[in-house]
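Given next, in structure tokens, is a single chain: the form predicted on its own.
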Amino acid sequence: MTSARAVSLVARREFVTKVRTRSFLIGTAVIIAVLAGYVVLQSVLFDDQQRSVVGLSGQATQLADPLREKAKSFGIEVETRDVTTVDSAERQVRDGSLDALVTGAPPALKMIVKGSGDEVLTTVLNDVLRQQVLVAQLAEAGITPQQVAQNLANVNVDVTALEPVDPQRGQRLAIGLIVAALLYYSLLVYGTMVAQGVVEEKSSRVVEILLATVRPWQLLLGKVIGLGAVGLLQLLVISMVGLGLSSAFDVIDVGALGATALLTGVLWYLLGFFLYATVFAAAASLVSRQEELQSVLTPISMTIIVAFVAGINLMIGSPSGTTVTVLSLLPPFAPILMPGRMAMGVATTWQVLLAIALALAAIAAITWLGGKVYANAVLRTGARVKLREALKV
């Protein structure tokens, strides 16, 4: 049997066995359900934040059209309702049916709100009021608003931005954080799954039967590829569903930005998984029982957790800062930090290429070292094998 054939058989066995389990199917369905619920919730909250219901009483009803038009220029939607009595309208403000009640006549308008009120809505109403007062005063002076508008049409301030703000910065940050979270989940869960599989085969002596047919490095590589493909499948399914839901509910303007983030996520998942899964498998080969597994996996898991927690806070605060830039280049942190920075558009080409080169070099070194540990320790049962003994030829 050729090496490629042996690796492919092991990989296929791992892949088929895992994707058919109820835990994989239920787990994927639960994640998608949670993701869908989150997207729908964000959509509802976003709509609520962008829409206000205003009651108009008395002469204030004449402000309905100007109020709606001015609100559009501020990016919000205002629904106006004519109210008959102030007392009943105030009760609607208290129970939340109305966001605000406007009474009186220009220039003496009064806005009644339940709490502090919406600052944007207050600004819109003030602008409408000033405009109404200005029109009245112009009419008294014998000047039409159209004349004034024509004179002011070409009066603009020429703004020069020293550090232009990316109009998609908010969406880039959201996508970057989501990519980092998905990669964190995939690397931690499926890396641990590789380790559990190694210990399970070792404790049940199945590995002895397998190694009678294939070599240790073939078994290790096949296991990593097979479970890595399972994780990649789940990552793609969750990502595609998430992008579709986000686009359908207008939570994020996906477009080319989402497709690029998905591709970079897949790239760094593959690099990160081969890096961490090999370490997970090698560490797991040192023990013979599931009870001992956590002790050898803790340092590896903590590296991923620290990379995620620290990286999220750094990317939110200063994604192009020196600390997060340096960490995103280092192989242990790059699979989580670099795709997030790439999605945010702050990673330069040379940084991406250097991070990939360092990751590939680390994968080569870890594969050689991990393969050696795995080959020397996987057949040893009983007491925990010391790393120094496993590294001996």
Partner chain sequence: MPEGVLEIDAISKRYGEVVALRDMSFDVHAGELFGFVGSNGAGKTTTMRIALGVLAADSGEVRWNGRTVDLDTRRRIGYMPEERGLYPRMRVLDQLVYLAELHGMSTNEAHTSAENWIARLGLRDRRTDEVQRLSLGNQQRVQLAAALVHEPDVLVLDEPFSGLDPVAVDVMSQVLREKASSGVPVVFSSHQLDLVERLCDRVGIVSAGSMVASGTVDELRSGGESRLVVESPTTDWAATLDGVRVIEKNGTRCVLELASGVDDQSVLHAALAAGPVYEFSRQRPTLTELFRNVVTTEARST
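What you see is a predicted model, and the numbers here were worked out from it, not measured in a lab. Positions refer to the first chain, counted from 1.
The protein also exists as the form predicted together with the partner chain; that form is not presented, and the subsequent description refers to it.
Although the partner isn't part of this model, could you tell me whether R384 comes within 4.5 Å of the partner chain in the predicted bound form, counting any heavy atom of the residue?
No.
When the contact criterion is heavy atoms within 4.5 Å, does L25 count as touching the partner chain in the predicted bound form?
Because no heavy atom of L25 falls inside 4.5 Å of the partner chain in the predicted bound form, the answer is no.
Decide whether L210 counts as a contact residue for the partner chain in the predicted bound form under a heavy atom distance cut-off of 4.5 Å.
Yes - in the predicted bound form, heavy atoms of L210 and the partner chain come within 4.5 Å of each other.
Do D99 and the partner chain share at least one heavy atom pair within 4.5 Å in the predicted bound form?
D99: no contact with the partner chain in the predicted bound form.
Quick one: from R289, R91, K114, R205, grab the residue that has a heavy atom within 4.5 Å of the partner chain in the predicted bound form.
Among R289, R91, K114, R205, a heavy atom within 4.5 Å of the partner chain in the predicted bound form occurs only for R205.
Sort through 270-278, 78-86, 193-201, 119-127 and report the only stretch with a non-hydrogen atom within 4.5 Å of the partner chain in the predicted bound form.
Checking each option against the 4.5 Å cut-off leaves 193-201.
Out of 318-356, which residues reach within 4.5 Å of the partner chain in the predicted bound form, heavy atoms considered?
Stretch hits: zero.
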